[in-house]
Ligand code: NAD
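Taking the form predicted on its own, here's one chain by itself in structure tokens.
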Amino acid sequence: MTAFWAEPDFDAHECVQLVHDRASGLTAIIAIHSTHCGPAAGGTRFWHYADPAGAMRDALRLSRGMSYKNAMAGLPMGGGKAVILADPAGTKTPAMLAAFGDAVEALGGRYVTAEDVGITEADMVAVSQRTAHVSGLPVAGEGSAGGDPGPFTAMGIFLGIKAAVRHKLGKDSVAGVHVALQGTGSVGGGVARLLAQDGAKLTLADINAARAAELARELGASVAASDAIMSTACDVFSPNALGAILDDEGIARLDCAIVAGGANNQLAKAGHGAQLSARGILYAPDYVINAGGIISVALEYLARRAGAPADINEVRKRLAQIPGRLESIWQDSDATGTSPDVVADRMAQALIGRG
């Protein structure tokens, strides 16, 4: 594996820690990009990587994205991310989660973890037995924020899609708007249900074809093969699976007016945002539109530290600000000819003291 400081995605990260616990079999990477705005907050990803370099690349890119996401959401949190390297069978044991919790605790509050791909609410409960620097824990009562961040992420994406449809297509409703969704898990499935409630026409795809088919039956949607969804003729392409899909080939395949979804790091490289703009496709910067989950878990964590429950109304208030934030990015982009991803990056970099 290349030294992490030689990786193209190393961006003056404050800390990159490789964790290995022989007794439990845990191998993990914890990357802290910035604590300029507060403790670095970002979820833990549990994933099998054929090449360990892919794990490092994910940790670096995702932690930087969390710095930008938290800053743009107005949260007093920095950016970090953890990646647990799973074996091919996806073995996850209580001992591994305990060892990971110990690693988070050893950072003394510089990093606050939560759920991400492959990690459940129950896993976070297990981690919380070893460290207080964890969020996304179960909460009691409808008036409290916290728990599974997926529904909050989905709501923010839904609101962002509506804003994109309004900006690009001039429509105040998604009724009849054709949205092709890639990924029907916790987030993508939540987005699909919200869109269906508002009358959108849906085409769904997932590497788990059975899951996509089941959701399609529930919502009266169409299904596409996972390798064909990006070529589907639609108004909105909504990527809600893994990132780096918007590369030269992927962008060339798109047949849509808007890209707006929850996947992190959708653009494979710098310059791909400009390629989308050159094709006349409106792009919703991923770390702006998908901030709903971190808004929920960050407010949950901060409230717990203060000895009070997080207010669900405050979460909803901050979710409602996502469309306006996107609109300001698009207006700047329209006025300057700069692609939305670059506009958003510059805003975020200024907020974390790296402008």
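Throughout, we count residues from 1 along the sequence that is shown. Predicted model, so just to flag it, every value in this text is computed and none were measured.
Omitted from view is the form predicted together with the ligand, to which the following refers.
Only one of 120, 173, 231, 226 lies close to the ligand in the model of the complex, with a heavy atom inside 4.5 Å, and it is 226. With the partner omitted from this view, the residue of 264, 203, 275, 128 that lies near the ligand in the model of the complex is 264 [heavy atom within 4.5 Å]. By the criterion of a heavy atom within 4.5 Å, residue 221 is excluded from the residues contacting the ligand in the model of the complex.
Using a 4.5 Å cutoff between non-hydrogen atoms, residue 241 counts as a contact of the ligand in the model of the complex.
In the model of the complex, no heavy atom of residue 135 sits within 4.5 Å of the ligand. The ligand is not drawn, but in the model of the complex it has a heavy atom within 4.5 Å of residue 290. Per the 4.5 Å heavy atom criterion, the ligand in the model of the complex is contacted by stretch 181-189, the sole one of 105-113, 83-91, 181-189, 277-285. Residues 205, 206, 207, 208, 211 are the ones in 204-219 with at least one heavy atom within 4.5 Å of the ligand in the model of the complex, listed in sequence order.
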